[in-house]
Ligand code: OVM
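Presented below, as structure tokens, is a lone chain in the form predicted alone.
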């Protein structure tokens, strides 16, 4: 669509910049404003459509034939611009190319295949809890969320010990690239020349522990299911999908329960609801806030005609708090029937790391509940300024035996 084109008929226009720091840090008021404005809103700054409500967001996610991921899941349209890195073979691909790769990764990251890691996650969770009870006052971002995820996840993939903070730096680059190439993105890619080669070296078969998740990808090469060239790119997909979002989910879960102690009391009293409670975290404080799709043809949605080869921005955080879908959406309620939330996507492009992320969070929350640990926020918190993800950079907390 031409840059000087008028807003499409039927779509209200807004000059809100979803990627400005003030809107990133305080999203929920303007989410409400956008939902009330319309089912599809034309963003004048970015010349693209914006879907703030649940129904349209879900429809777009579910219909890959009309709303493609292959042109990139960020603001950059790969049909028009060259991406800064090789596109993901999973997240940024559609059938038929996507199908066999997704089948391999889906099997490797399936709940049955991940069960073998649960006991190791439990050991690490309890070691962490022991430290927290001794220290009492911590910053839960580096000392809980990052410490736990950067231990158990790379271990499961088979990444050797080393500067695992590079995994966090790489994920930050990848997810910030889902937004526009603004100051936030430029800051995140400063270390690309160092981090990019480090990541790809860790994805080589010789550097992966036998039997772990990364090695299982290479076993698919032996079986003729993928090529040797494809294998490290698929392993890289693990590393980009499995770190930042899970770290943010841990922090968001701790904050949600700490600021809603009655809900944490329910979990302590009945650890069988941990899984359900974590799904409410994903709805209430969605780590993944936004991504894009590209129309494959002229599409009509909510009475608006969207031209082919145009970007549509979905706001997951807004959809998951849409009162048209959820009763009292701004209330954190672990008893809620949360089925249908889109915190980790849906359909063939749902987050590939969702099962291992759920397992990591489930284990940590279960062990905290089993040991009757209480926690509270003890000082000012800080959210990160990020194009795509919502999470904390500072989360002072106190842990104690309940």
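Positions refer to the first chain, counted from 1. All figures in this text were calculated on a predicted structure; none of them were measured in a lab.
Another form exists, predicted in complex with this ligand; not displayed. Remarks below refer to it.
Here is the short version: of 91, 203, 277, 145, the single residue with a heavy atom within 4.5 Å of this ligand in the predicted bound form is 91.
Of the residues 240, 290, 294, 318, just one reaches this ligand in the predicted bound form with a heavy atom at 4.5 Å or closer; this is 240. Partner contact region in the predicted bound form: 171-179, out of 278-286, 257-265, 171-179, 308-316, criterion any non-hydrogen atom within 4.5 Å of this ligand.
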